[in-house]
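Only one chain is shown below, in structure tokens, and it's the form predicted on its own.
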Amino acid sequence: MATIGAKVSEIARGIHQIFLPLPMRPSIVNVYLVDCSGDWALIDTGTNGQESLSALEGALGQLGITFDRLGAIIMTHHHIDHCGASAELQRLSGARLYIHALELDRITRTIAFAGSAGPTAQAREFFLRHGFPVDRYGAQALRPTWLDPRLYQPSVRPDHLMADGDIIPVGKRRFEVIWTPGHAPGHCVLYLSEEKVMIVGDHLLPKITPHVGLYPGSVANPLGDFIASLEKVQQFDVALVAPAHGGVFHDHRHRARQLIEHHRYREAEMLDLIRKRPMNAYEVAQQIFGSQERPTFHILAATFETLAHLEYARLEGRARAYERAGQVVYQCS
């Protein structure tokens, strides 16, 4: 495998941030390579694309190691930029693979979706019940353009299924698993207590808000889970936050509070709309996110991010839902 130049930065003693290219926006994912004194741990993998794998190999080469020095590969969650190359890296390195059990289920679902001709009958019914006009956009348009099965080659045979509070020993380091559902049901962040470093995947991003949507087969209240996870990470003593997108930062509590406040504001906007008249999730999303020309998958994501907000408000007693003409509509007083 030919190597290319890679961007590597040591963000703390023995903890290296590596920039890998992505075929979508954001255009870079940060993965983390940790020197564990004789053993190495890789947090997240990038996609299975040749450019990304070569960049990762180049980064390891800059640090004087090869894939077979990896002792553990820990994946924060199932998305293409975080575990898409895990099968290939497992083959190249022989490293132990770790992921949360709920994310292994999501991997199998995503593989099936990537290879399908369109949504299942169950998914189609779900979309229509929440107002999303499937026939207007077409089945193929619902798949994001970057979900290429060649780039998404995650391992379906991890060595360990992580759970909240687990300690993963790698050499002289100890990675504490903190389960942070919301962006994904089994999303986990990794905490190094001695170093006070938290590697956060997509949970705490410095500039953008991670997508939290309610889809067919989702947990009942992903936004409620996400907000609870933002409260949860504030309990830890953290000096440095290492995100998957954007630069490292220091005040994790401040950023968590900002994200909570963002979602409170967004909910208030939605409640103002359904106070005027009952609306389904698609109608609310068109008002909140705009109805201008956008890729279909972005419209879909906006609809089901809106649905996550509306369901959170319903479960908290701030809105109510009922069926009208085969669709679920929301209203509040």
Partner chain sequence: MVEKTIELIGVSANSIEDAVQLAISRAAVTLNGIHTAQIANVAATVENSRVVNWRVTVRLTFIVKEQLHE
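Every value quoted in this text rests on a predicted model; they were computed, and no experiment measured them. Residue numbers count along the first chain shown, from 1.
If you look for the form predicted together with the partner chain, you will not find it shown, but the lines that follow are about it.
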Exactly one of 172, 150, 262, 91 comes within 4.5 Å of the partner chain in the predicted complex through a heavy atom, and that residue is 262
Students should find that, of 120, 258, 234, 218, the residue having a non-hydrogen atom no more than 4.5 angstroms from the partner chain in the predicted complex is 258
Counting only non-hydrogen atoms, which stretch in 36 to 44, 55 to 63, 297 to 305, 268 to 276 is within 4.5 Å of the partner chain in the predicted complex?
268 to 276
Touches the partner chain in the predicted complex: residue 207 (any heavy atom, 4.5 Å):
no
Quick check on residue 157: any heavy atom within 4.5 Å of the partner chain in the predicted complex?
no
Check residue 136 for me: does it contact the partner chain in the predicted complex (non-hydrogen atoms, 4.5 angstroms)?
no
Interface residues of 31 to 55 toward the partner chain, as seen in the predicted complex [heavy atoms, 4.5 Å]
none
